[in-house]
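Only one chain is included here, represented as structure tokens and corresponding to the form predicted alone.
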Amino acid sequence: MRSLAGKIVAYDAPSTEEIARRTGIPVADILRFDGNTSPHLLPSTRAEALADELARLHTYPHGGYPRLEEAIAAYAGVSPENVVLGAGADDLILLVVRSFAGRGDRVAIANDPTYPIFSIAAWVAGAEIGDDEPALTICCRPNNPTGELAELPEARPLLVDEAYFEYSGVTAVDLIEDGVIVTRTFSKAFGLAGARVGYALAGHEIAAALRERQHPAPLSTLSAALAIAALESPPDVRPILDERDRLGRRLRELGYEPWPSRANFLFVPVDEPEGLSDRLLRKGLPVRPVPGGIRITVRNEEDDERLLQAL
């Protein structure tokens, strides 16, 4: 294999079962504050959406996923031709980066720290990270792990990761005909992290070129059915936003200084992120350690109070 342009450090976290094995805490008592996923269970109506697809599970999705593309287009305010599907946003980030950048190219990444998959995608494509005449610029908005809603870079082409769009309500979709590509996911607000459904929104020419470089059936038909059902009743994120603000106030009462966030998590500066993260993990409360602090996923008041007591 050819060498990578940088050193990849695994971003994944231990499984809940592994944490239970390490700590002796029952799986049911472990609360994950490290994945930025929804704390709400899947509505039964979405599970019912699988029934018809299960009867067709023996065949491929011939003709693609037009119903899902149309539903996403209506939700995002674009045309179906602007939609490119993928197995989660990560799949599409990898697709976009390798479509624009390769050996000898540079990829510029806004904000630091930010989502590590951006660097991984560049290195896998053979490109390097740098701001000098980049073939592609990437930003996460709101940024992960800080929750900030920074200004958009002016560079083009520009990939904007909007994984947390539902929480901020701010989008760059109106710029897709100006060299901007937006990626989004059903893993966060829609509560379908395990289904692995993502989509990109791009101008007609770029979207068509991305589809040419995408494999023909990037989604499970079961996952597509779940996403269609989810779009029929988009999530109400207000309870999460209210709890985010309450959690921030409680953290400040404890002497912490969480940053203002436009997402479903809080970045909390601490001196020893890895050490604090490890101590919380041993209590069955994993958070995400990041440079300069920890990132805490907002859950519900009862769960969050357990974390606050541990802190």
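Just count from 1 along the sequence shown to find any residue number. The structure displayed is predicted, hence computed values, not measured ones.
What comes next is about the form predicted in complex with a small molecule, which is not displayed.
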Though only this chain appears here, would residue 106 touch the small molecule in the predicted bound form if you measure heavy atom gaps against 4.5 Å?
no
Residue 147, heavy atom within 4.5 angstroms of the small molecule in the predicted bound form
no
With a cut-off of 4.5 Å between heavy atoms, is residue 185 one of the residues that contacts the small molecule in the predicted bound form?
yes
Would residue 163 count as touching the small molecule in the predicted bound form under a 4.5 Å heavy atom rule?
yes
The listed residue (138, 181, 93, 84) that reaches within 4.5 Å of the small molecule in the predicted bound form by any heavy atom is 93
Between 120, 207, 89, 219, only one gets a heavy atom within 4.5 angstroms of the small molecule in the predicted bound form; which residue is that?
89
Candidate stretches 173 to 181, 98 to 106, 138 to 146, 67 to 75 - the one whose heavy atoms come within 4.5 Å of the small molecule in the predicted bound form:
138 to 146
